[in-house]
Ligand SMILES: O=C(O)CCC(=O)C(=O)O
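Next comes just one chain, in structure tokens: the form predicted alone.
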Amino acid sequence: MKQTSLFETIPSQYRQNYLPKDGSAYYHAEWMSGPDSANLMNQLKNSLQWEADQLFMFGKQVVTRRQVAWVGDANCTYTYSGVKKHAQPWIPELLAVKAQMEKLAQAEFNSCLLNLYHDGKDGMGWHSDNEKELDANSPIASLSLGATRKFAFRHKTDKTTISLPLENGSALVMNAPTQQFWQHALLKTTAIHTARINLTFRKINHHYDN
């Protein structure tokens, strides 16, 4: 297995495609200022309905320590790991961020999945954002708030892995066909003791709604 670490290489102020093939992932450091990031994180914690995530693994239901909130347009539903989620309505703070993320990604989004990681003990295993409801041709744009966490990509065929730090206020845009060829994960660590919220803006195909 080839291992590439980009954790401390290219200066964060430069925009670069981190994937060598089969897709693209553009990282934007300091996309949101520190004070704005802190304010938004506090607003999201207090304004949204957060709940523990529920996953089906090896035929059993697992309740995670990590918490999630699913927000979107009316009738936007999303199913992953066998659990169907119904969207909460947009709040003004999220709509403002969505408009800016749409400019960054040059795309329109109708939903946002938010994950609250309490500390480094919370993480996300290897997966692709390729559920049937998602528009496969639309980018997925994410915003990171709070603690810096290590994010990794792994190619589905040759297992090449690439990692980078997602810093407070940074944005990451994954374009098609990234989800077809790559998995990604948020790696756990005992070194992080503060919280992080990640917002992933997506486009749901309504003809899959039930």
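Sequential numbering from 1, following the sequence displayed. Keep in mind it's a predicted model, so treat the numbers as computed, not measured.
Not on display, but discussed next: the form predicted in complex with this ligand.
- Contact annotation for A107: none of its heavy atoms lies within 4.5 Å of this ligand in the predicted complex.
- This ligand is not shown here, but in the predicted complex it comes within 4.5 Å of a heavy atom of F151.
- Under a 4.5 angstroms non-hydrogen atom cutoff, this ligand in the predicted complex lacks A25 among its neighbouring residues.
- Within this chain, L166 lines the site of this ligand in the predicted complex, having a heavy atom no more than 4.5 Å away.
- Using a 4.5 Å cut-off to this ligand in the predicted complex, each of Y117, H127 and L186 places a heavy atom inside that distance.
- In the predicted complex, the residues of 182 to 203 lying within 4.5 Å of this ligand by at least one heavy atom are, in order, H184, L186, R196, N198, T200, R202.
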